[in-house]
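Next up is one chain by itself, shown in structure tokens, the form predicted on its own.
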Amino acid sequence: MPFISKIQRQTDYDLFPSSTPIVIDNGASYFRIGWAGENEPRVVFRNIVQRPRHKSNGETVTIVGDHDTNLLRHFDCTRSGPRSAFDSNVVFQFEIMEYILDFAFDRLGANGSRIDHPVLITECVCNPVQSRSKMAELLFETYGVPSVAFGVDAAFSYKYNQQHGICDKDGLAIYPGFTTTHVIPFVDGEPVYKGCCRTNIGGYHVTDYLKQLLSLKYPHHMARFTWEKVEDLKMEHCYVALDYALEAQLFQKGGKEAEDKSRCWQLPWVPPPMEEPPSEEEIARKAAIRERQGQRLREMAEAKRSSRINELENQLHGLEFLLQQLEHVQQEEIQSFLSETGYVSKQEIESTLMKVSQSLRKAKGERKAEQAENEEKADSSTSEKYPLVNVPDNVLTPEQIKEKKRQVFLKTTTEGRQRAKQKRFEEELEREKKNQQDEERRLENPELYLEQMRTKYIELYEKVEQRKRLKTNGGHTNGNNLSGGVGRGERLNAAQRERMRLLTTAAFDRGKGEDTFGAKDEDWQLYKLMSKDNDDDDDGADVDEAELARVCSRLQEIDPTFVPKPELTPAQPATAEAPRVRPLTKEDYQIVLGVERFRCPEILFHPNLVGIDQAGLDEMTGVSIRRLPSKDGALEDRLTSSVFMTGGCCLFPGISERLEAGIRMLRPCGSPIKVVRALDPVLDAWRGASVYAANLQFPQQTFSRLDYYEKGEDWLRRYQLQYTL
């Protein structure tokens, strides 16, 4: 199960006499501190420090141990991650170590910076003398500790379990820690440091490996795989396989047994709301809403049109009244009269009157008969406007001939504009007639009409897209109706290829000898053939596209569920479909732990799986036995008959059986092998140190602050704790 921190501040610090030692288990993963003689440490927290800045005032704060996510919301942690004082189980960052000790002594209940109690602190096997001296300097100089003792955590755990009959005086202590793994042989209850063995693999690497595997397997949920959560998954679900190859084959084949051994972690998931198709009542309600909105828009347009008509009529009456007044004005007073009205001449007033009249007729929406009548009037006025058009040139002066040419040009342009306008008007009438007929058909049988329109839309869409593909590929495809991979000649259509053939033939005939092109009349037919527009289907394409747009617009009006198809571009393949987004289900938020359950702890026996070329746990026992000074077979049998395991990684199910099987392969046949596990692999090191510090002979194993000042580091180099008191 996951480890739980205890950081509540103690209130009974002053009740303990100054002779009561303080016991510290300074592990690379967790820091434990308490009083000697007690069975449980008072304060437990993760051995990390984080120094983020406050978001409001920018002040740097120090956070020791486990951090609360609600607390870290107020701090900027982007530039300050969790830091540890350890490097491969050796303390080397004593600035961080000082923050940790300050927090630990404060949680224990100390009021000041001075600690008047002896301190027993654990360290790794064969700790470098530089690290030990720096730790002693920190405790003596900063906290004023009267005396200090250093001991190996694995040795304290071994002695504690030896007192409870778990292991013998002679045995092997295997301690897979957080970042390293140690094997220590014990002879007569004392560790033999010359036979020790270490590998740089531990629980940290198992957690990191599991985090990497899950991140690769579920990249969309990487934010969920925090270090704390992966640590919990490791402690709850991982196990050590007795035979790694057979276990991997079992999961590779699948089946009921592999499914039973898999574990599923369900992430928070809320099912999306189900979207049902609209009912007939809903469609009718939306149609009524659209009808009301359309009626409101029509009323607004009618009101705006009426206002516009009234405005134009008032302007027209004013201009007519102005012309009537202008007729009664004398010739010499015309300029002064016009200056008051804002017009320059009578012609400008008449032109404005004509424009206003046209705008008024357009606003009223006059019919074709009225427009024809107006056009007849315009024709009669045209003869008056262009008087020189029908006059022969022989009776005109050069200036009048020039004016006649200008009038002919203006008359031709005006007539062309009127013809285009008449053509547009006829097309609009034809379109209105067609829409009216469609509406009548729809009212007769709505379902049949809708089905016919859908069929017509699909046929027109496929026809237009097929024409676009043929125009792009020149009638050639690569088997998948995709363009690309064709030459320029294959991209030309039939008319363009015919032009190329004519040009090539003419150039070939011309190069044979004398150039006689043009001597015969039929030679000039070549230009007619080359300029002939053979792209007859271009006009058809425009008609089809216009009809497709009309049908699409009509379907959008009468069918709320209609969705027009996207228009394909030349760069987009014809068979390309719009990406379909599959709705996320409950299974998409499930993290399945299968082969990862035993693959991650396997690195304790095969570190090469994560790129560490060192020995595993079973090989380390053989190495440690071979390093012993004396080669005694009876001693080796006693050591292997009491293989003791302690440390957090010993909690993996199956690790004892796997280690026993590995050692049996290294030892001679018939050798006694027994692997036992500590009563509490996590806390037995602190409990053993607590029992040791409570012994009356413990002060003899410490060295005081005076000894440190007198003897220095050389004395620390020779310092060695006696575990049997």
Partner chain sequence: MEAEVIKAELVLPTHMSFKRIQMYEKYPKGQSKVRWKQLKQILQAENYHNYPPDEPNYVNIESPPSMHPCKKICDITGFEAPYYDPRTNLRYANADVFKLVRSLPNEYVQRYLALRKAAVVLK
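A quick note: this is a predicted structure, and the numbers were derived from the prediction, not measured. Residue numbers count along the first chain shown, from 1.
FYI, the form predicted in complex with its partner chain isn't displayed, but the following is about it.
Of the listed positions (437, 163, 111, 226), a single one reaches within 4.5 angstroms of its partner chain by any non-hydrogen atom in the predicted bound form, namely 111. Between its partner chain and the residues 125, 148, 233, 639, the one pair within 4.5 Å by heavy atoms in the predicted bound form involves 125. Stretch-level contact analysis of 294-302, 411-419, 216-224, 307-315 against its partner chain in the predicted bound form, using heavy atoms and a 4.5 Å limit, identifies 216-224. The closest heavy atom approach of residue 627 to its partner chain in the predicted bound form falls within 4.5 Å. Using a 4.5 angstroms limit between non-hydrogen atoms, residue 693 is distant from its partner chain in the predicted bound form. In the predicted bound form, residue 142 approaches its partner chain with a heavy atom inside 4.5 Å. Put simply, residue 51 is close to its partner chain in the predicted bound form: some heavy atom of it is within 4.5 Å. In sequence order, 92, 93, 94, 95, 98, 99, 102, 103, 105, 106, 107 are the residues of 91-109 having a heavy atom within 4.5 Å of its partner chain in the predicted bound form; the partner itself is omitted from this view.
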